[in-house]
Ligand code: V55
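Next comes just one chain, in structure tokens: the form predicted alone.
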């Protein structure tokens, strides 16, 4: 019997779903813009079986990918669990076999020998969707990408870029270069658990390997995201740490240590890594997600949300004296300007209010100067409008906000240009709103210029939790019907 009574979400809107789903023609309020032809893909965690240990973290839940296919003013929905080796083994056993987050030492004895040898097979592929070289993937940073059928979402298996991915892992945040069409990506802990090796790759639009760089980091840190500019790569290293001692003690992969120094590593994209320079950052510097960056002469400018404390309290402090962590960390959008000829950088705050760290730009402006960014936002002191999406002008500080409605919670936003040559900011904001009052999820389309809602796709149920989501147009997934 499957019993979630002791699980992480025993009931309510966040309870496990545990089903695949399909709606061929969804109910729509308003009018879907006819120019939209593509698919909005969401990836997130859902517990198919209760966790093996009660202290496991939400990031250990099984990967669930869902899509809203938009074409000719209509919408279809599909949601499906990613059939990872882990999911298949659990299903065969009828229970959870895998222990705490990214720690094979805690797995059931029946599979532990295999997961110690191949830790990437523990992945749940629950973090980010990616479309590249005409293929669709589900990503998590502890394993290679897992390819999915873009129509049915059936799992096709691990993808190693034609044998060119030598890292055991692959980031959940690869960066497309809109100028060259290349994909820049990386894997940390590239040669095994708790190793300090990081491999960077540049793959051409056809999936071929164009460049590889191998470096080491000052310590093993959660390198969840990175920045690429038109010339450089920036690597944030900060307060989460992993050691074999932690794993052997049965702890989750990461522990929070705000006493550790922070670092930004900067190196050229076209080099071999020998020019990698580490810029010292204050202890406790914590950057999970990044926004964008560009290089010009002897300056590199990047923007990213920076947390003021531990954003993930389920990865607790590693030292007793820092056990009282205080409030969960809040993030503020900051601009970092690096002197490429020196060893320092300057920091300025772009926006006074705290915002979600799930910040996005129009992807056509990645690696270049941009004007607008978008993210979830709740105005301080205002609680009766639900959460909002904000359009922030990073040059002037001007903001515009659209609110979903009382009680509704918005997830990560994507910006879709109105056309390939539309001006920056001209298009739509899209994403999912959770509506607990109706126990359902709704896909929302908002005009990004007027910041007014134009349509909602209504699901007759609550959809799965989401970590990240992306819009891919029909040309990016030619198999899609």
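Computed from a predicted structure; not experimentally measured. Positions refer to the first chain, counted from 1.
Beyond what is shown, the protein has a form predicted together with the ligand; the following relates to that form.
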For this session: Please state whether all three residues 101, 127 and 222 have a non-hydrogen atom within 4.5 angstroms of the ligand in the predicted bound form.
Result: yes
Exercise. Exactly one of 312, 403, 372, 351 has a non-hydrogen atom within 4.5 Å of the ligand in the predicted bound form; which residue is it?
Worked result: 312
For this session: Please pick, from 177, 108, 141, 257, the one residue with any non-hydrogen atom lying within 4.5 angstroms of the ligand in the predicted bound form.
Result: 141
Exercise. Taking 4.5 angstroms as the cut-off for heavy atoms, does residue 17 touch the ligand in the predicted bound form?
Worked result: no
For this session: Would you please decide whether residue 467 lies within 4.5 angstroms of the ligand in the predicted bound form, comparing each non-hydrogen atom pair?
Result: yes
Exercise. Taking heavy atoms only, is residue 59 within 4.5 angstroms of the ligand in the predicted bound form?
Worked result: yes
For this session: Classify residue 269 as contacting or not contacting the ligand in the predicted bound form by the rule of any non-hydrogen atom within 4.5 angstroms, answering yes or no.
Result: no
For this session: Spot the stretch among 292-300, 85-93, 148-156, 133-141 with residues whose non-hydrogen atoms come within 4.5 Å of the ligand in the predicted bound form.
Result: 133-141
